[in-house]
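This document opens with one chain alone, in structure tokens, the form predicted on its own.
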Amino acid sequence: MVEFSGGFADVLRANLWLRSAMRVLVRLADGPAGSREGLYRLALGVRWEELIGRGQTFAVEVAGRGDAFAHSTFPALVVKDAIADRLRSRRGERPDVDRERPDVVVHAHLSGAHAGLSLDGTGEPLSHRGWRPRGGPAPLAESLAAGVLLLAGYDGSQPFLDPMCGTGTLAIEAALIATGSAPGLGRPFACERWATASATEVRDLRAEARRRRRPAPAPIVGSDADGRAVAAGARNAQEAGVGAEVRFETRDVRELQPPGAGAVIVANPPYGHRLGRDSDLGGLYAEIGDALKRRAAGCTAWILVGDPELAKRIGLRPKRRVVLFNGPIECRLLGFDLVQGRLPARGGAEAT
């Protein structure tokens, strides 16, 4: 986690602008919770009457593991009871619980004999930008795609290519960066339903985010051999508001064409996990390496790989390796500088 201090405007601004985060939580209380009584006292001490408005519903989510609780259901009930008891004692009425669409979500994190209570300021995870009505067989989460681009040093000023774009997640996130777009602008957040929310601040911060948009300063291209995926990527880009900024092409990775000098090339080829282990994936990775060597001199390339053996088939020495998790799959983000040189096995002056 990364911690910062601020008010409601900072919570909303973080939700609007964070690209690789998953959730914004507002810490309310921390303390010992080695028993049912300890957790109840911790929750009872929070001024819920200032956080949950009259007529608002709430729900409690639990994460982590506590010494006194075998399952997450019981501590959730303990916190719920404490909230309800506090509000009943202050207002003379018991609030309603709504597990489907609550106005306020309380997050309880257990760690041994310790607990922390927070308000969930996000709701649906930040990776759910609100633009993806459809996905390919194994789409990359938007927050992970943005994190990959940031690790690659992409800031929108360089030409960008994803030569295996699928339904366009990396290209769309690149366009959001290049245009200075707030990735969360197209969706609501839990903090906007809080009793303490300021309608004026919500309106002003969203208007400010819209004003900061700009045209992309360099080309952004997504290409793929699957024409149906390319068409879906174009539709997704329209949903994300960057349809005019991304050019989608039906093109095999072996024929990749960087859209300009010094382009940043980022790809997420199949790992052989969710898409099924293809006996020819090794050949595909070798072809990716050959295409980069022959066609992308002067560019930088970043490949997200989920299998170390497949990574070796690329045939290039990475300048950087970063461990990332795509869901449960431990991956490596490999960065390559593509310079003029010799391609040993095939001869000729090629990029290596």
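Keep in mind the model is a prediction, meaning the values are calculated, not measured. Don't overthink the numbering: it's just position in the shown sequence, from 1.
There is also a form predicted in complex with a small molecule; it is not shown, and the following applies to it.
**Q** Of Gln158, Ser181, Thr167, Thr122, which one comes within 4.5 Å of the small molecule in the predicted bound form, counting heavy atoms only?
**A** Exactly one listed residue reaches within 4.5 Å, namely Thr167.
**Q** May I ask you to choose, among Leu185, Ala218, Val253, Ile177, the residue with a heavy atom within 4.5 Å of the small molecule in the predicted bound form?
**A** Looking at Leu185, Ala218, Val253, Ile177 one by one, just Val253 meets the 4.5 Å heavy-atom criterion.
**Q** I need the one stretch from 197-205, 210-218, 139-147, 100-108 whose residues put non-hydrogen atoms within 4.5 angstroms of the small molecule in the predicted bound form.
**A** Comparing against the small molecule in the predicted bound form, the contact stretch is 139-147.
**Q** Does the small molecule get within 4.5 angstroms of any non-hydrogen atom of Leu310 in the predicted bound form?
**A** No, Leu310 stays farther than 4.5 Å from the small molecule in the predicted bound form.
**Q** Would Pro163 count as touching the small molecule in the predicted bound form under a 4.5 Å heavy atom rule?
**A** Answer yes; at least one heavy atom of Pro163 falls within 4.5 Å of the small molecule in the predicted bound form.
**Q** Is Leu284 one of the residues lying within 4.5 Å of the small molecule in the predicted bound form, judged by heavy atom distances?
**A** Result yes; Leu284 sits at the interface with the small molecule in the predicted bound form.
**Q** In the predicted bound form, does Asp226 have a heavy atom within 4.5 Å of the small molecule?
**A** It does: once the small molecule is placed as it appears in the predicted bound form, Asp226 has a heavy atom within 4.5 Å of it.
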